[in-house]
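Next up is one chain by itself, shown in structure tokens, the form predicted on its own.
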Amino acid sequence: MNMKSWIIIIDERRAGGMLDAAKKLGGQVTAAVVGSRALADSIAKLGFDQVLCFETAEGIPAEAYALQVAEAAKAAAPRLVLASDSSVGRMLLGSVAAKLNATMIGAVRLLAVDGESIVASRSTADGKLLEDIEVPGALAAIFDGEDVEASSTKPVPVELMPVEDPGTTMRMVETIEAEEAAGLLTAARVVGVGVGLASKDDLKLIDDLAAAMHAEKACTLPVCDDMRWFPSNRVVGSSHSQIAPELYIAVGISGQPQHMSGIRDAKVVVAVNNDPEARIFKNCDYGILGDLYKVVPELISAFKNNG
């Protein structure tokens, strides 16, 4: 079976995971980088068989090149196309899928081959279940699987693709940080709050921890929808923001799949919970079993003394 794969790259997020998933199917794996030449040079070190660079001009968003990327994909005729779950990645993937007349599936965790078909395992029911979908033709999928740290290899040559100026159809006019919560998406440190906190007044404890850590604050969906303690732009989960901080401290969070999907790319996850059976203890790097009202003040003191 011809198992040529394309991976649409607009940043380095989950590039290693997508590469690993595609390589397990066999065949050539091509990175279609839509962005800067510097990004393409970095991707070329990860182990792709081929790296194509659709170099974007200054002031023109990547989405403006969607038709050109789709035409190149049609000429190459990959059997599988993957993209991350970023808004730009989804838009480019949709354009490519239309040109290839491909089946499009979201939230794909795993991929396999069964005869002449690709089998995609995607998450459903807020991440609590996986369902397998067999696709006999071309597949375009939004990747939601685990990331893999790709080891640096001898870089493959970057092939600059001929791109035309999109003209005035789409231009970047201005970038505005619309809300204070925008910093959550790029924060190096984040404190997450769950329903384990007894009352809204106790958020002062979380404020103090975030200040000591120089961190942003986040919450689970019930804390926003049911308790109304935070606005929706602070929710982290599969249906809201997905973040990748260096450090994430989860305070009073049980670890439901919907929330854990939103922190899958965090480098270090620390959980504070008084329930030894809490699901989050199976999905964190460090777990602190204890009363958060005793543990958090100790964390505040530690961060104040050590930064």
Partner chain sequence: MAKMTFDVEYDLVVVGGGGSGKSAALTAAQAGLNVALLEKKAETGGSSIYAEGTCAYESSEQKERKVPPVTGELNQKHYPTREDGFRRYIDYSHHRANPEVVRMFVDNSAETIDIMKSLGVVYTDVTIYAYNQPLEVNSFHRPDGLDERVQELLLRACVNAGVDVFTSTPAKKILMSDGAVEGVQAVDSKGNTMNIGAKAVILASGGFGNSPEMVKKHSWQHRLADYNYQCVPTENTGDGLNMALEVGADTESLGALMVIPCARSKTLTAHSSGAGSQPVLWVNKTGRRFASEEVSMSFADSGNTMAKQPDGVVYSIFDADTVKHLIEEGSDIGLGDFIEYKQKLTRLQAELDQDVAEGIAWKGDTIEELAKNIGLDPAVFANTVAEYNDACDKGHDPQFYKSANYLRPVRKAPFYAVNMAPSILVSCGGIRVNGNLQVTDKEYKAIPGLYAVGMEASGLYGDTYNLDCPGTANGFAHTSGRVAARHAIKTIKGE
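Between two forms, the rigid core is the largest collection of C-alphas that superpose within 1.5 Å. Positions refer to the first chain, counted from 1. Note that the structure is a prediction, hence the values are computed from the model and not measured.
In what follows, reference is made to the form predicted together with the partner chain, a form of this protein that is not presented.
Chemist: Just checking whether E116 would be counted as a contact of the partner chain in the predicted bound form - the rule being heavy atoms within 4.5 angstroms.
Modeler: No, E116 is distant from the partner.
Chemist: Is R264 one of the residues lying within 4.5 Å of the partner chain in the predicted bound form, judged by heavy atom distances?
Modeler: R264: contacts the partner chain in the predicted bound form.
Chemist: Taking 4.5 angstroms as the cut-off for heavy atoms, does K200 touch the partner chain in the predicted bound form?
Modeler: K200 belongs to the contact set for the partner chain.
Chemist: Would V195 count as touching the partner chain in the predicted bound form under a 4.5 Å heavy atom rule?
Modeler: V195 belongs to the contact set for the partner chain.
Chemist: With the partner chain left out of view, choose which of G47, G27, G35, P257 has a non-hydrogen atom within 4.5 angstroms of it in the predicted bound form.
Modeler: When the partner chain is considered in the predicted bound form, the option within 4.5 Å is P257.
Chemist: Enumerate the residues of 227 to 262 that have a non-hydrogen atom within 4.5 Å of the partner chain in the predicted bound form, in sequence order, or give none.
Modeler: Result: M227, R228, W229, S238, S239, P257, Q258, S261.
Chemist: Taking the rigid core as reference, does M260 move its C-alpha 2 Å or further between the shown form and the other one?
Modeler: Yes, the C-alpha moves 2 Å or more.
Chemist: Aligning on the core only, does the CA of T56 end up 2 angstroms or more away between the shown form and the other one?
Modeler: After core superposition, the C-alpha of T56 moves less than 2 Å between the shown form and the other one.
Chemist: Taking the rigid core as the reference frame, is the Cα of M227 displaced by 2 Å or more between the shown form and the other one?
Modeler: Shift of 2 Å or more: yes.
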